[in-house]
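For reference, the chain that follows is the form predicted alone, supplied as structure tokens.
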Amino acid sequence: MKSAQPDFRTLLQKAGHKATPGRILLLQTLLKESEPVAVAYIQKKLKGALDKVTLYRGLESLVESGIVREADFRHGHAHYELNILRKHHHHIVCTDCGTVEDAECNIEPLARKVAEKSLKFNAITDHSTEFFGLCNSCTKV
């Protein structure tokens, strides 16, 4: 059974954004993806519905409000995924073929230790962790 689509209009408004057709379309596009995607991929999916500047600005503001998550897979550009309706997770990225898999891990105890040992910080409010290695297919080669 397919779950109902989130009410993006209300979500955007609660986060202090205008619920523009472009932002809603961007969120609908990200909702359909199973892993983080690059801006070029999003542009292709949107088929020119948003110009590049509007797309980048939209992604930036959605990342700042936590609706969208930005991931760095060391490809020289960011990847984006919807950050709602999902458990907190990280990614494992194959350094050979680029395969991506979600990885659940509890990094909060480490973040607390980092803050405790820090001389200049007393709290960690966010983190970004990606793991890199070789997938099963690439290690068989």
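These numbers were taken from a predicted model, which means no experiment stands behind them. From 1 onward, residues are counted along the sequence shown.
Form predicted together with a further copy of the same chain: not shown, discussed below.
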Query raised in the report: Here the chain is shown alone; which of L110, A49, I84, A38 has a heavy atom within 4.5 Å of a further copy of the same chain in the predicted complex?
Result: L110
Requested in this report: Give a yes or no on whether every one of R69, E104 and F132 sits within 4.5 angstroms of a further copy of the same chain in the predicted complex by heavy atom.
Outcome: yes
Query raised in the report: Can you say which of 24-32, 40-48, 53-61, 90-98 gets within 4.5 Å of a further copy of the same chain in the predicted complex, counting heavy atoms only?
Result: 90-98
Query - R9 within 4.5 Å of a further copy of the same chain in the predicted complex, heavy atoms - result: no
Query raised in the report: With the cut-off set at 4.5 Å between non-hydrogen atoms, does Q13 touch a further copy of the same chain in the predicted complex?
Result: no
**Report entry** Heavy atom of I124 within 4.5 Å of a further copy of the same chain in the predicted complex
**Finding:** yes
Query raised in the report: Should T20 be classed as touching a further copy of the same chain in the predicted complex when contacts are defined as heavy atoms within 4.5 Å?
Result: no
